[in-house]
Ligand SMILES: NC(=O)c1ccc[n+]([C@@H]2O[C@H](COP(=O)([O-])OP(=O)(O)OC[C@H]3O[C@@H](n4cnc5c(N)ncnc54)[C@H](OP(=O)(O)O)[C@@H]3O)[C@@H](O)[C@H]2O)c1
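Take a look at this one chain, the form predicted alone, written out in structure tokens.
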């Protein structure tokens, strides 16, 4: 099968290629994208003997072997069998919709697209998406075991990030915020983990992907990140999905689905296993509370939450605002938004433009 990998030079893209390199696979790496890292993309293209490479964030570049801009993408989607979105952000969202319209198999690690555009995604589209991020891959696997009527609630776990239970966040540096205690990830998602916004977005994603009411989605802090999700059934039995914090597990599951592929990844060592779990009070965590508020109210709120957070994190990483200003800035933007019934891609893009402008106005 021809695989089109969006985001080949990013953290998730690297993990995808590592997994493909370790398993006997029916996939042919057919096409690859990068945002701007053309040197790195060309090396990957040559190593994997991919037919096409596309630099989406630049109109021109220095390599004749690569395409620049996004004009070629629809043609490549049509030629591909499987589309894997490992890129972050929402700039390529319209191509996910295009791939869904063309009935392609979709593997998705990009929660931002689901959060921002889930409100206008039909159920027939959602059913074509196989999630790759650890919590939703985990939930996908568990939920296949139960009838919806048997489920009392579900829970996704949160590591708590580097500042769990730390009372003062006034003097947090960029370096400290980027030092995650468990996961190695890209900068933006690492900051989101530190603010707990990552889990807020995942609540919204779980609702859209699995049609679970927000009232039945819980968050449990689990610093070791070995249990990734739990399902609580009506008889108060709890079912958990476990693997060490390594994205190769959900990537392998998605690539092999519906089969389970043998591998040489680290196996659970029960003899030396230590795990802790803590209740998270949503009222004491503004990021989590905004996630529930957004999905309970919809009308564009989830998109505002995502875009406001993206912009605020950018300002933090540029040193323009302090760490403890990220969430208040997002909340201020949420409170300024006038909700309406979103129906189209252009509605969401309009919300994106308004949100980013509003954040910039607040930061001035």
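Residue numbers count along the first chain shown, from 1. The shown structure was predicted, so the numbers you read here are calculated from the model rather than taken from an experiment.
The same protein also has a form predicted together with the named molecule, omitted here; what follows describes it.
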query = Thinking of 87, 91 and 109 as the candidate spot, does the named molecule come within 4.5 Å of a heavy atom on all of them in the predicted bound form?
reply = yes
ask   = With the partner removed from view, which of 323 to 331, 59 to 67, 293 to 301, 30 to 38 is the stretch that lies within 4.5 Å of the named molecule in the predicted bound form, judged by heavy atom distances?
value = 30 to 38
request  = Have a look at 74, 186, 162, 214 for me and say which one sits with a heavy atom within 4.5 Å of the named molecule in the predicted bound form.
outcome  = 186
remark   = Picking from 247, 177, 158, 288, the single residue whose non-hydrogen atoms come within 4.5 angstroms of the named molecule in the predicted bound form is 247
query = Would residue 349 sit within 4.5 Å of the named molecule in the predicted bound form, counting heavy atoms only?
reply = no
query = Should residue 11 be classed as touching the named molecule in the predicted bound form when contacts are defined as heavy atoms within 4.5 Å?
reply = yes
ask   = Is there any non-hydrogen atom of residue 119 lying within 4.5 Å of the named molecule in the predicted bound form?
value = no
